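In the structure tokens that follow, a single protein chain appears in two forms: structure 1, then structure 2.
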Structure 1
């Protein structure tokens, strides 16, 4: 018998003795980018996740013990994430929460999958609150991974549907996206829905990611095609600079975006942003005031950008915990995962649940327009996100991918 099995057995035996004295606390590891360029996103995710768990702890924790949360800084790269995953596993984590970047998501979900194959007696759940790559729900899907964020087609369909209903989509649609998996997923979604919403994709452009300083050549190309609307999955600088260039060229065209609600975008774009659309998984304008206010009291700001997704995802997880009871004994992670499949969680806009086929959450999508006169203006401007329509999750979601072959525990 190899030595590691004996060691593992010894550790398991020690673990088995412990509950006689004290109930096993549920351990959650947040493996996020807490230093380096992606800190702003990572910090938001960690804050939101901790907020939900703090609430669960004030309501009595889990298994008779407070839930333990620990932050692990992956420093924004896959190697760091791999290191921190091992550390978290060694610390006995039951659940891992991660969100910023699909590259790191790919690393974490694979690490979790392999850990669970090698340690079937103490598996780990991966809660993805931000990684949007389709592949994570396709080829890389597995039973212990839950995806609470949307993907390119998931957000594009409601975006197009509402823009079309509002008469802002038009017949001529221009697609401009970043040239990597996310941007290409977006482009595919835009092309695939042409017949459904009766438009023509007049041109599609893929450009370098976050390297372009001047979008005016692209805007000249857009102008020459004379589109009614531009659909883009661009984020950060690529979205800002694109909108600015359009504003400078006096081009009257409506933008349909995915990431307009990233903090700072509206302030930077200024009046150019007004009238453009964004599809997101929540909008605080629609929520009961108590929730956002309580959140602001605890964290100093209203939930923005990726925080609502995190609140909803971890919220569903916390709801699922109420359905299982280990009576102060050992925690069975598979039972928690099964409970998550069967939990419906009210996120304030409607019920959300997890699709069994690929563990993609079915969440309502809110399509909003940048406008003044809203309850929660953003970035210190007068503008905010005026909700236009909420599309039910079932109507928005893409079909489960064939590449996902999920093996369920026996």
Structure 2
């Protein structure tokens, strides 16, 4: 079983803090997919979260103690996540960080909600940095859940708007997505916006998640429909292998994606990757270089894919900690959650904050296109992500769902 970790920076900070009486340390559990087919995503989330926590500890920790962090491997499935949540709660975690998979996010947020009902004096905060299913902000919303990533309509509308403005969306759109909550949300968003952007959905496919090793039959089916563009919310191995099949077939169709910036996708697609789109919540091309360079110095690579979202979400949490002071006493999780509602964080693209109605982060969406001539090429190629348009968070965000009936602590 892993142990609570205090990093080298934390140990240094501990010497500087030197409390007369040991205060209650803040404990953060990262429950992620650290083995199995989603490992590439889970490991990036853990790396980015620990980077922010390390910075917080360098600056003095919290409540007179270094912040403690511990990784729990959910092995990429909901039963594993449930088991690891119970372990984290038993270990005294105040905060859970998770992001890879909306299915796992649904399990974690429900486990947190039920724990908090049973333990109103010892609640836990859930920081979601990657699970994008609408239901997490709808019928499964609760006061202690904060969502620092987006949803299908949040990203899809700006994506289609820009593709349409650039003349790359076309009249014939193909939809291919993973068959679970997130993928079904994507398919709904694609179908619902057909009239708005004047296209026909020529075919829509929902496929198994993380079980398909060869996407060539799916690429052949796409080719047979002769679409102008393909819209997909696929991620992890399902996007990597889809892009490989697209490259192998030399399929010359513009893809509009949510996660094209995942490492490996551009290389897998090869020459046909140029011109594909991605709608993401950050783009390194737009940031002051100091932040990415510091991250690379600490981790060995620039922040990519899910890492900027994690840096921003955990960064807002760390900023909120500055708003509360327990003077070395017991940690009040509800006060931290309330501080998170009232914190604005500089994400390098105009700032972000949390909508109180459903705890959905209000963040800008950058729509970028795979192109050469960029400052930060990826995958050992000459291609990277050229920003085309940044849509303000207030313009991109969808209305809070009526199904979210959040009960606030008394």
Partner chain sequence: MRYALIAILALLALLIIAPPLLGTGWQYALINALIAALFAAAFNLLVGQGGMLSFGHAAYFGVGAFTVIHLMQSVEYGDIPFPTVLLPLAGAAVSLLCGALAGFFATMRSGVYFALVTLALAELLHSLAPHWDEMFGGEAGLSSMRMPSLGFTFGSTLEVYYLTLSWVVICIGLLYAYTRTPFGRLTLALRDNEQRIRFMGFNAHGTKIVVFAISAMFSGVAGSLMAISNETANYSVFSTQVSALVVLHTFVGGSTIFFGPIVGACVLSLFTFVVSGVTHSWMLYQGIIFVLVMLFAPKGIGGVIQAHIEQRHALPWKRLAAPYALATLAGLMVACATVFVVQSLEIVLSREYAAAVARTGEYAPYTVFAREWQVFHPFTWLFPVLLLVPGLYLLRRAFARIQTLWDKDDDNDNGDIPAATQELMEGGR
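Take the two forms, superpose them, and find the largest set of C-alpha atoms that agree within 1.5 Å; that set is the rigid core. The shown structure was predicted, so the numbers you read here are calculated from the model rather than taken from an experiment. Residue numbers count along the first chain shown, from 1.
S.K.: Form predicted on its own, is that 1 or 2?
M.R.: Structure 2, not 1.
S.K.: Could you tell me whether the Cα atom of residue 197 shifts by at least 2 Å between structure 1 and structure 2 after core superposition?
M.R.: Comparing forms between structure 1 and structure 2, the residue 197 CA shifts at least 2 Å.
S.K.: When you overlay the rigid core, is the Cα of residue 183 off by 2 Å or more between structure 1 and structure 2?
M.R.: Residue 183 C-alpha, core-superposed: shift of 2 Å or more.
S.K.: So, superposing on the core, is the move of residue 164 at the CA at least 2 angstroms between structure 1 and structure 2?
M.R.: Residue 164: C-alpha displaced by 2 Å or more between structure 1 and structure 2.
S.K.: Once both forms share the same rigid core frame, by what distance in Å has the CA of residue 243 shifted between structure 1 and structure 2?
M.R.: Here residue 243 registers a C-alpha shift of 6.0 Å.
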